[in-house]
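Coming up is one lone chain in structure tokens, specifically the form predicted on its own.
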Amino acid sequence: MNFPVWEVPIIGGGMLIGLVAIPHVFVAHLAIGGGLFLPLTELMAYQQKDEALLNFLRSTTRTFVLVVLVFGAVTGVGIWWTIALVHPSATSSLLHIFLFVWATEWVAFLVEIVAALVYYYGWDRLAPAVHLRVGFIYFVSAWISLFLINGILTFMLTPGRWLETRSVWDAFFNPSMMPSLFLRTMITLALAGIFILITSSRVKEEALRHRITKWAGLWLMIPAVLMPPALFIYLATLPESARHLALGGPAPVLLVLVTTSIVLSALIFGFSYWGAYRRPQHFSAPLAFLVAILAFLTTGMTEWVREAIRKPYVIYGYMFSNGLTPQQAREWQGQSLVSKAKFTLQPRWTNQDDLGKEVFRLQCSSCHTLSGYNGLLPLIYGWDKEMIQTALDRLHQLRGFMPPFVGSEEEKKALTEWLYKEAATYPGPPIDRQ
């Protein structure tokens, strides 16, 4: 209630965060796995005195640095902008809880950037041993960034003992932190393999291309074997309500996403083993791009599910998705919510409709639009006022993934009237609203 409300038309704030975050997550994981692949393969090339492989790594490094530093950095800044505008209270809480963790991550990120640039410009300028050290420094600093950010991300779903102790150590080393870290590390290796499958497809020398393709396929196969048991361990650490949501529960679409991501992962493994590893001579650029697309879709679906199963919270057990805490929801029940909000459109209120719209902005707009993505009007189309009022009275009971309504009876009535009038303008089949 202490920040302005930022409304994103049509797609909503949650969708905007996803559109920025998912590409960034994909590239950020690639940055780590690729950071291990390059120096490790370089070491192998030195041991085998394979100049052709070294030439391939030189040319690949440029593409890698452009993707992970330029695109990755820009989308990373984009995430900060979007989460701060859509969920300012939650962003502020994460900054305060993990102040020194964030500071450490920024140092690791700075080392990562410098090491990547030195590694790229160091080809043929640094001694091989020094160049390799720089490459491994890049990988270690990139993985440390993952380690730190993973602790913060998993805290948002499994805060664990922090809810009682308020200790940053309990917050960081929360129940799902280590299983998630292992899963994400495996993802980094798989994405490195996919990246190399794409870049190796342009190699003209067949024997070299086949060797690199088979080597990249191995990087995909190892995570494919290790990730399923790790996923079951990770799911066991989640709150029961989150697991219930992930397996369908009141939102069957999440089960569809989970099932689809599993199927796509199986397809990726199939292409990797039967194509890249067993038959590298038949593996082509279109297949490599197909695997990359499947991996991107899988990443998007799993990240989307991870975000969705936190509902009705943005920080599980601590803050609802609309920025209110459970304690505020209890204490302010029956009181005027708009009078407590520091940034409202109060001077513009001229009637109950304005009040109803303001209540919607404060309590609903962080997740819902009116008729766009996750729109309310399609959901309540055809409802009478009594049905809308009943739904507002029992939001948290009828929809377990929604927070309770908070506010005065006047505000609830105003929101009911406003939604009823807005639903009447929604384009749909004729209905009798009498």
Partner chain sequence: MPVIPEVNPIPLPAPPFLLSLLLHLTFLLHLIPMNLTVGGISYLLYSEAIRNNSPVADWVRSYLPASTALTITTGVAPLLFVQVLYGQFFFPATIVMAWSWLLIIPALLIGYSSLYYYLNKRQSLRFPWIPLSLTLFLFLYIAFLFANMATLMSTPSKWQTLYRSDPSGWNLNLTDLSLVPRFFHFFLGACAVFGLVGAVYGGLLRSADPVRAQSLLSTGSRWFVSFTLLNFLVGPLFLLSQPAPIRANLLGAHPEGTFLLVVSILTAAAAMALTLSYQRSPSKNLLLIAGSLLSVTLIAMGRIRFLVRQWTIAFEVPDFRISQIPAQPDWLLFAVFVVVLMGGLAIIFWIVKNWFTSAVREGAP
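Because the structure is a prediction, the values reported are computed rather than measured. Numbering follows the first chain given and starts at 1.
Below: the form predicted together with its partner chain, not depicted.
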*Should the three residues F182, K214 and V225 be counted as contacting its partner chain in the predicted complex, with contact defined as a heavy atom within 4.5 Å for each?*
no
*State yes or no: in the predicted complex, is some non-hydrogen atom of V101 no more than 4.5 angstroms from a non-hydrogen atom of its partner chain?*
yes
*Is T302 close to its partner chain in the predicted complex, meaning a heavy atom pair under 4.5 Å apart or at it?*
no
*asked:* Under a 4.5 Å heavy atom criterion, is S93 part of the interface with its partner chain in the predicted complex?
replied: yes
*With a 4.5 Å heavy atom cut-off, would you call F289 a contact of its partner chain in the predicted complex?*
no
_Segment that reaches its partner chain in the predicted complex - one of 73 to 81, 304 to 312, 263 to 271, 281 to 289, heavy atoms within 4.5 Å_ = 73 to 81
*Taking its partner chain in the predicted complex as the reference, which of V258, M178, V118, L235 has a non-hydrogen atom within 4.5 Å?*
V118
_I need to confirm a contact call. Of V25, A414, A423, L16, which residue comes within 4.5 Å of its partner chain in the predicted complex, counting heavy atoms only?_
L16
*Let me know which residues along 51 to 68 have a heavy atom within 4.5 Å of its partner chain in the predicted complex, or say none if there are none.*
R62, L66
